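Two versions of one and the same chain are coming, encoded as structure tokens; call them structure 1 and structure 2.
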Structure 1
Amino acid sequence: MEANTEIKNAKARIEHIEDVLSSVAAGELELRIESDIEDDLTGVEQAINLLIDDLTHELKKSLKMKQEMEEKLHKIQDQQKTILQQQEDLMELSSPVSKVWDNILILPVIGTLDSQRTQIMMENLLQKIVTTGCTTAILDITGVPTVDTQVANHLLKTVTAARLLGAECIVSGISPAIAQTIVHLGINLSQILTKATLQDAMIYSMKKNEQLVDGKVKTNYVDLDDN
């Protein structure tokens, strides 16, 4: 008996296969080839459905991995933003500018200076000069172990900018090591008023503001002797 190889509704079924494949390619992953007829084309239809199942599974797996990677990336970016913000906050806290007397500001600096920290110091000091109207600012670097050319240039710019705002900037506490470094680097600090110690800078500033009488500072808190 000769086998029946006749395929029923071949044209319509092939068109249906093409439509399903086109829709799947466009993203409609739930579509499948449906047919109630069993003949030689049925195996092809089933094989195509299995192929679509495999592709759909792999695509969903890939999308899930992509989503997880994006979530991890966003988490890392958020952590980096938090770290950067914390670093900026620490920079701000490590460069406090305080009004310690009538018309006198002080910026004590402790630790290693770099260009970024020096820039923040300059911005904080200049902003404080503007908001308080003080005309004397003391930049005390007693706690700074060393400086380089960039930091020294930033200090020069800070003093110049303060002068432009109508304030005199005094640098105190230059250590012998920093002094030797400045000389070795050939940096000219002749335009900067310097004092050996913070106390010297304070006494000079208060004398300038006519607050020092008979060698003592009159205050409601303490008396500083002019030794």
Structure 2
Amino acid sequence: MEANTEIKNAKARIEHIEDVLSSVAAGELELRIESDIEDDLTGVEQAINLLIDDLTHELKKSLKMKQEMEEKLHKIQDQQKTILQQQEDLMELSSPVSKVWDNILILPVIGTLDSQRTQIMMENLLQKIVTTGCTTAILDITGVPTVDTQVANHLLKTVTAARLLGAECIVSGISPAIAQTIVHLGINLSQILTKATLQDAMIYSMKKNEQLVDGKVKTNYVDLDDN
């Protein structure tokens, strides 16, 4: 029959094609179909070789892209780690409690009060109240741009906790805009002692502690001249 004479060794060659294709599928991209015979099957063999060439090219390209993406991902992950680390550092730094006068602590609050930060802030303040034995603490919120219900709630809780330890808290630094906003929000802050400025809070505290009498500052330190 004529068809049989045109394609020589058809069975062996098709088996070879199958072998090559399965090897390529398994990842051996260097393999190509080899044949010395030129006939009708040669076109198919060449087409398959071309396809393998294209596939190899695309695979290499996507592999390279994948590598690049992974590198970028690593970079982003590193950056995120740095950001998280910095946020933690900032959190530690951002809640200093200082003793400014006998019996008076000041906690200047700057920036945003999120739940985590407030927790640290409260712990710091309560700890300091216990270690110093101060009974007056001023929370200055001049540096807090937005007081929403959550911030107000945190302030209330902090003041209540301090009261349980026997310390009185004064909140100072409420701007006129924030005062109006709090009123509209409907939050009742009347349980908290508030003063407009840090100075007012300081004067109030010193008068209460009898450290400021008739405009004169008195301290609990022994005056050396008296001896």
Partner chain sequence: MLEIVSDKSWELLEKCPILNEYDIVKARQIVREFAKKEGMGIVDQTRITTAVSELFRNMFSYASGGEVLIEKGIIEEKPTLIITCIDKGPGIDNIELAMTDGYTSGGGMGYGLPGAKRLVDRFEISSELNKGTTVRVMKWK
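The model shown is predicted, which means the values in this text are computed figures rather than measured ones. Sequence positions of structure 1, starting at 1, serve as the residue numbers. In this text, the rigid core denotes the largest set of C-alpha atoms whose superposition between the two forms falls within 1.5 Å.
Remark: the form predicted in complex with its partner chain is the source of structure 2; structure 1 originates elsewhere.
Superposition of the core reveals a Cα shift of 2 Å or more for E71 between structures 1 and 2. After superposition on the rigid core, the Cα of D200 moves by less than 2 Å between structures 1 and 2.
Once the rigid core is overlaid between structures 1 and 2, L164 does not reach a Cα shift of 2 Å, moving by less than that.
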